[in-house]
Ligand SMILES: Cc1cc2nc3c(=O)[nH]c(=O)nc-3n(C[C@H](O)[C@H](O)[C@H](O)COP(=O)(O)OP(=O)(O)OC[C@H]3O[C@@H](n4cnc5c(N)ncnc54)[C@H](O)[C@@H]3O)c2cc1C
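Okay, here we've got a single chain as structure tokens, the form predicted on its own, with questions on binding and movement later.
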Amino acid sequence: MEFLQPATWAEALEAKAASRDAVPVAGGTDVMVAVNFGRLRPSLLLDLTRVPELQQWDTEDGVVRLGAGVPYARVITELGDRLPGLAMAARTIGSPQIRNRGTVGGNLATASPAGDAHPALLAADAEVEVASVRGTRRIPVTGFYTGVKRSALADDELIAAIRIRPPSGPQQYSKIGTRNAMVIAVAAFGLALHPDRRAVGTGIGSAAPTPRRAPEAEEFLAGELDGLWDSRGELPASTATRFGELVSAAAAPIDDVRGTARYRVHALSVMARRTLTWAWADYRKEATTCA
């Protein structure tokens, strides 16, 4: 197994173009586990930890551009106020050691249905910025996942950054596992309220072949909230219940060692209902605070 450690982004792209089967490594929290268990034997590992551009984040035209190599720990401490949904998801990931090493870019590159960042990114309408020696392009996160652990990345491309517009309303995230911490999700759900455009974003994790949204649930809830955005009135219990039903209907889970398909469907319904209740309470509280 060969090992390359480029010092610049240009060098990394050139290396990937020259060796298209090279496996990029950022935190190594997914790749090295697969290597150690013998499930992955790449001919070349491409270590990206010394590329400074990947370790930075900034804002461009009001959008946060999060470098693919920024670890979860920094998402929590530096971006918790700007990207609350993603920060909530990051807090559920592994142990402090994993959060210090693991990256959102790595989560995307692995494209596992159980990746913890995916529901938050879907709910927030994120874009994935990818690059190669041929140039740079942006992929809406909804079109990034193409199958189980497969993505829209070309074989000569690397993930440069994730672009996320800070929310105009509350975001929430919920995850259920076989224990309270350091666990792969049995199911996860992300929710974002977008009052500036009267819209709702959702994200389902670990309950389908790929991370996915629940479009019918989004349309239903946006319609139900149409008369409540301005008044910030109480949310009817029936609305939250129906929203949970529609979210669970959007899933396509399987039975596995972590849980049954039936349990995942039930859990999603409960998580969707709860996150909506929490988010709407936060939205109503904002009005009281501003007043």
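Start at 1 with the first residue shown and count on from there. Everything numeric here is computed off the predicted structure, so don't read it as measured data.
Omitted from view is the form predicted in complex with the ligand, to which the following refers.
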Spell it out for me: taking the ligand in the model of the complex, does every residue among Thr103, Asp116 and Leu158 have a heavy atom no farther than 4.5 Å from it? yes
Since the chain is shown here on its own, which stretch among 251 to 259, 233 to 241, 219 to 227, 24 to 32 would lie within 4.5 Å of the ligand in the model of the complex, judged by heavy atoms? 24 to 32
To verify the annotation, which of these, Ile93, Ala87, Val186, Ile164, has a non-hydrogen atom within 4.5 Å of the ligand in the model of the complex? Ile93
Heavy atom within 4.5 Å of the ligand in the model of the complex - residue from Ala208, Ile98, Ile139, Leu79: Ile98
Any non-hydrogen atom of Thr202 within 4.5 angstroms of the ligand in the model of the complex: no
Answer yes if any heavy atom of Leu153 is within 4.5 Å of a heavy atom of the ligand in the model of the complex; otherwise answer no. yes
Would Gln171 sit within 4.5 Å of the ligand in the model of the complex, counting heavy atoms only? no
Is there a non-hydrogen atom of Val148 within 4.5 angstroms of a non-hydrogen atom of the ligand in the model of the complex? no
